[in-house]
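Just one chain is shown here, as C-alpha cells, and it is the form predicted alone.
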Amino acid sequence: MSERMIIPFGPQHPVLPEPIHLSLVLENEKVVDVLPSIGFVHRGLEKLVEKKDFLEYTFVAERICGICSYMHGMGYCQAIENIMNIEIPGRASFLRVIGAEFSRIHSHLLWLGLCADAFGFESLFMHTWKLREQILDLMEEMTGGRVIFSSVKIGGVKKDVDDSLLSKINDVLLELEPQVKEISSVFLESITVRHRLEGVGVLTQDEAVSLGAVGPMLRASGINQDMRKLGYAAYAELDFEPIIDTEGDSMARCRVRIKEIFQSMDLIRQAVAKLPQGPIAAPFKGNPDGEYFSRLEQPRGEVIYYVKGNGTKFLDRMRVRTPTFANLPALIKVLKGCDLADVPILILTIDPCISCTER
C-alpha cells in the first residue's frame, strides 16, 4: 500500500547552491507532483526604475545576477539602444560578443563543477573551478571586474582591449581547451554519471515546445533554437550553428552545455580575429521614448528585456523574463515520476539561477 506525503525541498539544500523551494508530493520514493514556490529572495529590482534613471539602471540590471551579470547589462542596453536608435560601433559589437561568450564559458564551467559535486566528485569539482578561474582572470583584465563587470554601457562598451590582451586571450584558450576536454570526458564517460543521467528526466520535443523550454533544456530535446542566430551584437558576422541533441534526457542536457563551452571558445577566437578598429562607444542625447523587447541568449537560454520609456530620464517599465523562469514548467514535468534521489540531479540539469528568477 502506497503512502502519499508532501516534503519540502529547499530553499537550503546541501547539494544545491541556489535557494530553490519545491514541495514534493511523494508516493513512497516516487515524485507524483511538484509545487514550486517563487519569491524567496525577491529584491524589487524592477521597481527601482522609479528611483534610478535609465543610465543608472544599467548598474541595477547587472546586479540581477552575478553569474549572468554581463549579459543582463547587455540585454538592457540593447533595449535602450533600439528605442533611441543608437547604432553602436562595430568594435563595441565584437567586444560584447567576446564578453558574452566568456560569461557563457565561466557559467557552464561553474555548472559542471556543481554537477560533479552533486555526484560526490569533489576533485572534479575543484579542478573545474580552477579552470574557471582562468576565464575570470581574463574577464577581469578586460573589464576590471570578476562578478559585476560594469563593462557594457548604452552606446557601446566602457573599456577597450589592446593587442597584447587579445594575444593572451588566444593563448589562454589554446591552453585551456585540452584541459576542459579531459575533465568533461571524465564526467561524460563515468559509469556512475551515465547510470544516474541516461534515460532520466526525458523531455520530448513536443513537451519542450508546449512548455516553453529555452536554452540547453530546449536544444537537448532536438529543437534548433538559439537567440544568437538573430544576429544581435556581432553574431551575424560569426560562423556557428546551435548545439542540439535528440535524446531529451538529463545526459543530453549535460552534453549540450559541455559542447557549448568549446563553441564559445571558437566564437571568441573568431571575434578576436575579426575585431575591427574604431571607437568603442557611440555618443547620444535625449531620453528613451517608446518600448522594445530585447532578446538574447544567456547561458541558461533566452532572456527577454521589455523596456518602456516616456521621454523622461525615468522609465515607465522594465521587465525581465529569465531562462530559469521559462524552464520551471519543463522542470516540473521531468520531476514527476522520478525517484526522490534523482531530484537534486534533475534540478541541476536545468542549471537553475534563482537570483535571476526572483528579482
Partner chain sequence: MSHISKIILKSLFSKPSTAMYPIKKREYYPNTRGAIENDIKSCIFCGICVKKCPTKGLEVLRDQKQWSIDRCRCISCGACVTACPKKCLTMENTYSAPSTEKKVDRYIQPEDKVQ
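Positions refer to the first chain, counted from 1. Remember, predicted model here, so these are calculated numbers, not experimental data.
This protein has a second form, the form predicted in complex with the partner chain, left out of what is shown; the following refers to that one.
J.: Examine E56 and determine whether its closest non-hydrogen atom to the partner chain in the model of the complex is within 4.5 angstroms.
T.: Output for E56 is yes: heavy atoms within 4.5 Å of the partner chain.
J.: Taking the partner chain as it sits in the model of the complex, is R63 near enough to touch it, meaning that at least one heavy atom pair lies within 4.5 angstroms?
T.: Residue-level check for R63: yes, a contact with the partner chain.
J.: Can any non-hydrogen atom of R255 be found within 4.5 angstroms of the partner chain in the model of the complex?
T.: R255: no, not in contact with the partner chain in the model of the complex.
J.: K168 versus the partner chain, in the model of the complex: is there a non-hydrogen atom within 4.5 Å?
T.: Yes, K168 sits close enough to the partner chain in the model of the complex that at least one of its heavy atoms falls within 4.5 Å.
J.: So which of 139-147, 272-280, 195-203, 241-249 is the stretch with heavy atoms within 4.5 Å of the partner chain in the model of the complex?
T.: In the other structure, the partner sits against 139-147.
J.: Considering the partner chain in the model of the complex, which of I86, L110, M227, I183 comes within 4.5 Å of it through any heavy atom?
T.: If I apply the 4.5 Å criterion carefully, the residue I get is I183.
J.: Could you work out which of R321, K52, K333, K308 is the residue within 4.5 angstroms of the partner chain in the model of the complex, going by heavy atoms?
T.: The residue in contact is K52.
J.: Can you list, in sequence order, the residues from 103-140 that come within 4.5 Å of the partner chain in the model of the complex, counting heavy atoms only?
T.: F121, S123, L124, H127, K130, D137, E140, in sequence order.
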